[in-house]
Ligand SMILES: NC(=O)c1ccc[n+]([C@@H]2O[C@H](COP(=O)([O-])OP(=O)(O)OC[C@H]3O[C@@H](n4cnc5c(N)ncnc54)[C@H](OP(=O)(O)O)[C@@H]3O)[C@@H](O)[C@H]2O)c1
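What follows is a single chain, given as structure tokens, in the form predicted on its own.
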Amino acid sequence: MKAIVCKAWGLPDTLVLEDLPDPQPGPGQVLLQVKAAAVNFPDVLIIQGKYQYQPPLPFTPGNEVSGVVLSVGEGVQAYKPGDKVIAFSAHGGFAEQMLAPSASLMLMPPGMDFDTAAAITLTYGTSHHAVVDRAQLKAGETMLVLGAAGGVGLAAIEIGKALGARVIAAASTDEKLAVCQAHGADVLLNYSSGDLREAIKAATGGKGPDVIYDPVGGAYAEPAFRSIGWRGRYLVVGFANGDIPKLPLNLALLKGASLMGVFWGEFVKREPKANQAGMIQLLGWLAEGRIRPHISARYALADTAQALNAMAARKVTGKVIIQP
């Protein structure tokens, strides 16, 4: 089989496409023919050795896939060859075939296409855990989403609207904001022009947002946190900007506000039943048309580095998909 291989920590152009032996499933494992693999910002970090966990070298990046079961290992009874499945695994997705623990799989709902299936787990799982579980956003509340045109940002917008909240989308260009509006955002803020604090103040009538969803970090974090409403909840989702902000903790005291960490991968391991319940709710919303993954580009396996470079340069809206 062909696979993208990371042999040394580095930028996307250091990845290589290689022919590898077809893998064989061990106990509890399932071998998939990969039909679609989604690209996520953590993939850019993992290949540079900058993510929260690191697989040993060499490895194949990519952890969010959809595909068809080719064979199963000892002890696997829930799946059989020919089943169409969604899988989330530590790595291995940017390849023609992938081994995944059977516990990480879900059957694809009837009628779902492979690209959509590959785009539903990490971004929507992260945003559901953040918005529903951590922040407990309520109908009628206001949520500000930074980096709103990215995969997790668009997912947060849609989840916020499904819950009945008012959603303010902040992004760096008018073109990105148009995508946010198409996915339900009520208010659009271009934070590359104008004062972010003043814009948030005007958008909330001076009250401030009840929830701030931040996958960006960097220079936007402090002005956003200074604008949060009383008893607001600030969701620390990631640092796509590259810089981890240092927030003055007196701001939390003055606003009675909470800083909430969001690490979906650890949540999945520690609270699998809660995650499963969240995914069931997401699939229900998908069937009802309340959420719809925005897939902005598709790449061949050989062009994986191009997809990762676009992600690293923050040129991606929604999701991009590798089609092996």
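From 1 onward, residues are counted along the sequence shown. Note that the structure is a prediction, hence the values are computed from the model and not measured.
The same protein also has a form predicted together with the ligand, omitted here; what follows describes it.
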Is it the case in the model of the complex that 126, 311 and 314 each bring at least one heavy atom within 4.5 Å of the ligand? yes
Does residue 85 reach the ligand in the model of the complex if we count a contact as any heavy atom within 4.5 Å? no
Using a 4.5 Å heavy atom cut-off, state whether residue 151 contacts the ligand in the model of the complex. yes
Is residue 40 one of the residues lying within 4.5 Å of the ligand in the model of the complex, judged by heavy atom distances? yes
Would you classify residue 295 as touching the ligand in the model of the complex, given a 4.5 Å non-hydrogen atom cut-off? no
Within 4.5 Å of the ligand in the model of the complex by heavy atoms, the stretch out of 259 to 267, 279 to 287, 54 to 62, 29 to 37 is 259 to 267
The unique member of 240, 165, 221, 132 whose heavy atoms fall within 4.5 Å of the ligand in the model of the complex: 240
Just give me the single entry in 122, 228, 98, 143 that has a non-hydrogen atom within 4.5 angstroms of the ligand in the model of the complex. 122
Taking the ligand in the model of the complex, which residues of 156 to 176 have any heavy atom within 4.5 Å of it? 171, 172, 176
